[in-house]
Structures are given as C-alpha cells and as structure tokens.
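The chain that follows stands alone, in the form predicted alone, written as structure tokens.
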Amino acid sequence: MSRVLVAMSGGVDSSLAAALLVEQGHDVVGVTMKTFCYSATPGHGKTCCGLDGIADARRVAVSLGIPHFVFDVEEDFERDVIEDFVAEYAVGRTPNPCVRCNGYTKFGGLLDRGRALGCDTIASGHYARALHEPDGSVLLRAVDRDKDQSYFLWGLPPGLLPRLHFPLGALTKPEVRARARALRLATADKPESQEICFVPTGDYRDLLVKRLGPRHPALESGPLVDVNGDILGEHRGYAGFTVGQRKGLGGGFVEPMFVLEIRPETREVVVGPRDALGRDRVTLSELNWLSAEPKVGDRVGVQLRHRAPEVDGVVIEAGGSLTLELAHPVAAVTPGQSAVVFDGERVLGGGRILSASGRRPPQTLPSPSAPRRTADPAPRP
C-alpha cells in the first residue's frame, strides 16, 4: 500500500475519505490547506475552509490515528483564485472559483508538498472516480449522479491523474453519512457549506467593492437595454449580473425578462424574454485535456453548468480553442463558467466558456447519423 496524502477540509466527505483509506491499509497523512488570513475576515472561522474546518479535520485525524498538517497556501490561493475571481467579474464574466482552486491550489501543488512528507499519491472527498489501468488513468463521473463533482475537476494537471484517489466515487451521500456515523467521526452530521469560502458575507459584490473600488466601471451604473439597443432602464453595476439572471432587473415588463448578455465596453446589460436565452454554439478557451483531445467531427457530451444536464454536441473547430455545436439550444450559457467535455462517463477535459451564440436553422444541426465518441462502460469500483 502507498503513503497517501488526504486533503481534509473538515467536512464529512473528506473525513470519510481518510477513514476508508485507513481501513484499506494505506499509510495516510491528513492535510488541511490554510487559504488566507482569517483574522482579517470577521466571521470567516465557520466557513468550509475556516478555522473551524482546520479544527474538525484535526479531530478526525486524531481519532483515526493519522498525522495531520496544515499547509499555508495563502499566496497561491490569492493569486490563482481570488485575483482571477475579481478580474473575471471586472470584465463581465462569471467565474467558477472551485474549478480554479482544484486545478491550481488544491491539487496543483499538493503533490510536491506531499512528497516532502513521503507521500506519492493524493486523495480527496470529491464525488468522482479515478480508474487506473495498465494503459493509463482516466477520470470518471461518480456513481451518484446527484452528487457527481467531476465537473469541478476538468482543470487538474493531466500528469497528476495517475496519482489520485477518490474513495467516495462509488457511494451516495446518505451512504457517506451512514458510514461516518458508524465510524463515530466527529463530522458525521456536519452541515455542508454552500457559500464561497472567501466571501463570508454571502455577497460577492462586497469583495469586488473592496478589491476594485466603488468607482470601477464594473460597479458603476449603466444602461439596461433590449436586443435592439433600446434603453429600458438603468442598472447599478454590471458586475452584479450573470447571464440567465432574472432577479434584480426591476419590474414593469410585459413578460419576465432575463439577462442575455453583458457588454463591459459600454456597461450595457442586455435583457430579453426567456425564449431568447437559447444558445446552440459555444466556444471554449483555456483548454485542459485529461484524455485524448477531441477532433473536428467528434460527437461528445457537454456539461455547461454544475448540476446542468449533459447535452450532445459536435466539435466544429479545435486547436487553441474548441467550438461545439449543440444538439439543441441551451439556456443561460454563461461566459466565464466551465464547460466540461465527456465521452460517456469519462471526463475528456474542458475549458472556460469564451462565447456562445444561436440560434441557427435546424438543418445546420449535427446529423443524428454522425458518429459519436464512445467509451467502454466504466466498471464500478
């Protein structure tokens, strides 16, 4: 058995991941990452990455009889996650900080730090599966599709995949709770944290005001317009909006209105009815591939938001960016969010949504007879 470094956030999932590896006979080392200075953030101690999380992770580690360390990754987290988060909102896009944290801070440098402790593999409590075979390793969706977190893992360094364990990949959340209770883990009934860990107030605009200043164009008022450019009203900063949003647009419209587009160069927020939200062509940038890169003409599955259903697509452009035609229009395809590309259960990789457009005449949609990339059914661990 290998010596495994387990990322422990102080929640039930990572706690049980560590416990299962101990049961399996691995030599386990627990580590919690300190992402920033909590003393400068009132009330932060109770968030998922706060001081309470560190304390709970240590309690579990003690009960399991494994060593526990705290890694200070404040500088990396600031650069890779918080600065990126602010910069994306400043230009009218909606970032996904969990993807950045996993790809850069949480996993990106963790193995190098773990090697100093004699660890050669890494584990976490994510609901996903890593299948290791003689011809290579692949990342798969979790068995429990309701809890599947593979969407957040497309940005992992490809070379790291052979050294990853996801012990919860074949379990459901109720099974995880039950196993944790049976093992008397201190975190067995701990509630899940839903907020962005570095926004303890619950309103990300507070962070933007602090970092950008209240006079930044992203936070200043601008026109609310329709698709024809006609002014319908005024907003109080385009950074407060995301594509698909309905709340905060004011009343007085004949039908419900939604954000269709954000134009930072003119500070315009474009709104329209629900049926104008559909997009069936999407371009991705900042690509990362964990498996073979899809080629022009390949049919793949695409997930455009966490918890969004997968949609079929066909690759029409590949290279420095990837452009996909979707089998049908999808609402609220949001620049800045992640688009993850699947081949069956297998995560091929993904990228950030650069742009989306639609709708096109039906005859230009992919032919049902076009071949789709297929993978052998993934075995249940």
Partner chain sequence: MTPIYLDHAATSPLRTEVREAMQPYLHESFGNPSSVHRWGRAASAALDEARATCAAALGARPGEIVFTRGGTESDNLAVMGRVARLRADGLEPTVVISAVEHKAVLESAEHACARGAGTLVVLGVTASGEVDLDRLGRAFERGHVLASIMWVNNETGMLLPLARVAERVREAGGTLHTDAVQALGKVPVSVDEPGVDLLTVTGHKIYGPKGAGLLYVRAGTALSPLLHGGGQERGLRPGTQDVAGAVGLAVALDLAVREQAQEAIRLQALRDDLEARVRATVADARINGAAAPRAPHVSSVAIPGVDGAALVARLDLDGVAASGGSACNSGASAGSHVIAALYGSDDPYATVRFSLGRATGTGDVERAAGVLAAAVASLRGGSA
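Residue numbers count along the first chain shown, from 1. Predicted, not measured: the structure shown is a model, and the values here were computed from it.
Not on display, but discussed next: the form predicted together with the partner chain.
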Considering non-hydrogen atoms and a 4.5 Å limit, does the partner chain approach F71 in the predicted bound form? yes
Would R58 show up as a contact with the partner chain in the predicted bound form if we use heavy atoms at 4.5 Å? yes
Taking any heavy atom pair closer than or equal to 4.5 Å as contact, tell me whether G344 reaches the partner chain in the predicted bound form. no
Answer with yes or no whether G136 is in contact with the partner chain in the predicted bound form, where contact means some heavy atom within 4.5 Å. no
To test your reading of this chain, name the stretch in 127-135, 109-117, 229-237, 84-92 whose heavy atoms come within 4.5 Å of the partner chain in the predicted bound form. 109-117
Contact with the partner chain in the predicted bound form, heavy atom within 4.5 Å, among L64, V29, V315, V330 goes to V29
Sequence order please: the residues of 2-18 with a heavy atom within 4.5 Å of the partner chain in the predicted bound form. R3
